[in-house]
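One chain is shown next in structure tokens, namely the form predicted on its own.
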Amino acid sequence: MTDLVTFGETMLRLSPPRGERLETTRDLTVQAGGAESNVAVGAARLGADARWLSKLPDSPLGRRIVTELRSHGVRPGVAWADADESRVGTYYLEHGGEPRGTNVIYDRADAAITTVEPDELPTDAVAEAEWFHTTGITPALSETTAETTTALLRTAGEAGTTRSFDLNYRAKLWDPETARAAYEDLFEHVDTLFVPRRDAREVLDREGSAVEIAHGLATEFGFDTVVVTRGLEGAVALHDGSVYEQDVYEAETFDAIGTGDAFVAGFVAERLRGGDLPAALRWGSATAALKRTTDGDLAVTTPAEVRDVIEGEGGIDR
């Protein structure tokens, strides 16, 4: 049995050196990045047997993504498309200090994944997995990906696989009203919901504290677990009527992209090991802190490093 299966788009991330602008740089660093594959990599690095399902063109760029994910222990389950008729989505990340800030430019229209259908994917992997994870980014990509997301969540539910969903709202993909309707249609197929407090308020129209938001969502949609993340204020989880809180671990931020995915990866990896909710929150928070110290979308870390963060150890490794 596979521990974790994720489903979603992975793009190529192109970044100029820090401090340089896209319009003037002569160099771009190429890395793989996508919410669901970020979770798969993070969990695999922490000991989970992880698979990632998606669709890519059979081209050097598509194979580049698969090679990078495999290097971190993830087993891809990819539907290969004709390279002449499809493409890999890309995004450009320009790091900038204040007041300019960091800017993301997407170039993902008509990517191969927008045409993916369930029968192209190894859906038996979903049915045989202990945990299935996807995010609110995937159904925003096309009607087809929305339908496939629903189908895979149903397959997981019918097989007794635990299903998690990270809201992961992206304003550059759709408006809040459209997103909310789509999310709420999926919620009946979700056991564990991850939601940033900001998105709960702005997209799901939920008011109140993180605890009140978690209670409201669990009551209305029947989630087993709701995890509300609050940025620098940490996270709150509601499970079986009990509330658990977790502070953030301090980190010197080198690259914040992928922090939320790292949190999910640490949380899920610990739950797969049989950890309780407080332990899962600690592992999620520690993995997220470590991610902030590394470049790229991926949480390239180890269980020992996560334990050191939790236990308060650190300093120079001699």
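Counting begins at 1, following the sequence as shown. Since the structure is predicted, the reported quantities are computational estimates derived from the model, not experimental observations.
Here the subject shifts to the form predicted together with a small molecule, a form of this protein not shown in this document.
Heavy atoms of every residue among Ala35, Asn38 and Arg108 are located within 4.5 Å of the small molecule in the predicted complex. Checked against the small molecule in the predicted complex, the candidates Ile137, Val236, Ala125, Ala79 yield a single residue with a heavy atom inside 4.5 Å, and that residue is Ile137. Note on the partner interface in the predicted complex: the residue among Arg75, Arg201, Arg170, His215 having a heavy atom within 4.5 angstroms of the small molecule is Arg170.
Residues with any non-hydrogen atom within 4.5 angstroms of the small molecule in the predicted complex fall in just one of 253 to 261, 42 to 50, 272 to 280, 56 to 64: 253 to 261.
Within this chain, Met11 lines the site of the small molecule in the predicted complex, having a heavy atom no more than 4.5 Å away.
Interface residue remark: Tyr244 is not counted as part of the site for the small molecule in the predicted complex, having no heavy atom within 4.5 Å. Residue contact with the small molecule in the predicted complex: Tyr91 places a heavy atom within 4.5 Å of it.
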